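First comes one chain, alone, set out as structure tokens in the form predicted on its own.
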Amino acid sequence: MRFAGRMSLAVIVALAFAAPASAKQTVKIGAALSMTGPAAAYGANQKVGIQAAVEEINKSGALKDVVLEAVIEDDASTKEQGIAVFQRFINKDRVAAIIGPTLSNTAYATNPLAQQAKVPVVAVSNTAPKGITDIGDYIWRVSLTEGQVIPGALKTLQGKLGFKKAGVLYGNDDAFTQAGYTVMKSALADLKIEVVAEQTFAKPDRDYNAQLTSLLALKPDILVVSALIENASGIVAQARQLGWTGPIFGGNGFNNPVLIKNAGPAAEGVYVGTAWNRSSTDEANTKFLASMKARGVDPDQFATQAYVGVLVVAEAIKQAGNKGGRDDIKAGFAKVMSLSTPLGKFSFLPNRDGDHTPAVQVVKDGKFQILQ
């Protein structure tokens, strides 16, 4: 028995020395997404993109001894819930970085908490041109701003359609839709497009007939709309019901298949600037599409940007020498340059906003297609 005991001890010692020198390090990424509320259609797709990216990166072993773990919570499309989620990520879950929140409106309230706690944030759908990355040096952004997408999209569209007069409709109770309106108004002025009139609505509204009737009576060549998806779908459907057959141009809030699902045939001829060229033949994009197809998912721009958000965090960890601390990731972000992603070659600008090439898409034959 004494001999067996000595043998057991020897085995234990041998196993201890045979163990790997470094154990796997789990790096938690918090994701605050609008799974409920007005922006729920965006959050559901973002969740799919994040989960796919985390699974693929871990399976590839690209980060060697680092394993990513996504902690996903619902921000309910509200500032109050967003704040609660960020506080939980920062103080309880002790995440190394945060992706989200879905809406710019929420980000204005949540990001200062992360900045104060020195937790890096990656915005993957906040497109308000001002105030997001201005919050501080821990706030970075993958999503292109409306200011990076709308002017070029309207210029391209004007060159193809030749419109000279526009009717403008926008949500006046949300930071995102107000920011989109400001960019649209400036872009139309730069193109010397006459704005025949402007109308507003609020997120709870579902009847837009009065605003649309007023705009259409002035005979615009195009309707330009800044709205979240639930409002956008209703506006498009009601405009067609009132007899409008002309083009409708939407901001980033239109970039979701729910528009086509809810508006149906009325969505045909809707144009929108997009951060993602689905038709790109770049290897990173074709691999992404194949991967999502294998999962039974038809991704939209929001899923793609969320997926890229995880890629950017992973690249930051890699650039930091495979270190996953909060400051390591922040330092790594500054070294992300020309990263191959489904969005194209991605880099951060000096102001920590994302940089890659946008495109214009149109709803044709019941689906979004890149305008050629």
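From a predicted model like this one, the values you see are computed outputs, not experimental measurements. One-based numbering along the sequence shown.
Separately, the form predicted in complex with a small molecule exists; it is not shown, and the next lines address it.
None of 228, 248, 239, 142 but one reaches within 4.5 angstroms of the small molecule in the predicted complex through a heavy atom, and that residue is 228. Scanning 276, 86, 176, 288 against the small molecule in the predicted complex with a 4.5 Å heavy atom cut-off leaves one residue, 176. Here the chain stands by itself, but in the predicted complex one stretch of 124-132, 182-190, 71-79, 86-94, 124-132, has heavy atoms within 4.5 Å of the small molecule. Although the partner is absent from this view, residue 307 stays clear of the small molecule in the predicted complex, with no non-hydrogen atom inside 4.5 angstroms.
Interface residue remark: residue 111 is not counted as part of the site for the small molecule in the predicted complex, having no heavy atom within 4.5 Å.
Contact check for residue 253: a non-hydrogen atom falls within 4.5 Å of the small molecule in the predicted complex. Though the partner is left out of this view, residue 99 does not reach within 4.5 Å of the small molecule in the predicted complex, counting heavy atoms only.
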